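Next up: just one chain, as C-alpha cells, the form predicted alone.
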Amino acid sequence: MKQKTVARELIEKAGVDIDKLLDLLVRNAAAELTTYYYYTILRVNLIGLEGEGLKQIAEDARIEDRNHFEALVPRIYELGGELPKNMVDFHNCSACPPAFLPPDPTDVKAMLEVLLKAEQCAVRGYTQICNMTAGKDHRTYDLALAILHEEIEHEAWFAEFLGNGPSGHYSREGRPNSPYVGKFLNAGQG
C-alpha cells in the first residue's frame, strides 16, 4: 500500500474530500485529453474562407488542452490517485461531453458552437475545483486557477467569433502556448 503524503494529509485536515477532488481531477483530465482529440478533428475540417480564419485559434486551444492534461496528471498521482487503465473508460468518465464534429462539417457556426460549449464546460469544471481547494490545497488551486485562466480565454475567443461582442483577448499566434499553465509543465513543453 502506498504511504500517504504529507500534502494529502494536510489537504484532508483542511477539510477537502480527497476522493471527490481526485474524481474531479481525473474527469477534467479526461475532458482535456478527449477535447484535444476532438479539436484535432474539428481543426482539420476548418477549411474554406470562414474556416481558415478560425483554424489558428482552434489550434491554440487544442494545444493548450493537451498541456492542461499534461499538467493535471502529476497532481492526480501526487494525491494518490491514478488514471483509468482503459482508454475507453477514461474517455467515458470525461467531465464534459465529446466535442463531436457537427453533422455538416462545412457549417463553421455549428463548429464554433461545439468549441464554445466545450470551453464553457471546462470553465465550470475548473471553477468547481478552485472553489473546493481555495485556501485548503494551494497547489491544486494554483494549477486549477492557471487552467481556468486559459479556458476563460478560449471561451472568449470562440464567443467573439460568434459575434457575442469583443472579448479583449487575443490569440496566442506568435506567442508561446499556455502562458498560465506553462510553469506546471516540464521544461521544453508549452
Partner chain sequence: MPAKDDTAAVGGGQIAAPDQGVPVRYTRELLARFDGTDPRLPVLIAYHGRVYDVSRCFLWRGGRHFWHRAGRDLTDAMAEAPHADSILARAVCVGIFDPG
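Because the structure is predicted, anything quoted here is derived from the model rather than measured. Numbering follows the first chain given and starts at 1.
Beyond the structure shown, there is the form predicted in complex with the partner chain, which is absent from this document and is the topic of what follows.
A.B. asks: Answer yes or no: in the model of the complex, does the partner chain come within 4.5 Å of a heavy atom in every one of 40, 62 and 159?
C.D. replies: Zero of three within 4.5 Å in the model of the complex.
A.B. asks: Counting any non-hydrogen atom inside 4.5 Å, which residue from 79, 71, 112, 95 sits next to the partner chain in the model of the complex?
C.D. replies: When the partner chain is considered in the model of the complex, the option within 4.5 Å is 95.
A.B. asks: I need the one stretch from 121-129, 54-62, 151-159, 134-142 whose residues put non-hydrogen atoms within 4.5 angstroms of the partner chain in the model of the complex.
C.D. replies: In the other structure, the partner sits against 121-129.
A.B. asks: Residue 23 near the partner chain in the model of the complex, any heavy atom under 4.5 Å?
C.D. replies: Residue 23: yes, in contact with the partner chain in the model of the complex.
A.B. asks: Just to confirm, residue 66 within 4.5 Å of the partner chain in the model of the complex by heavy atoms?
C.D. replies: Residue 66: no contact with the partner chain in the model of the complex.
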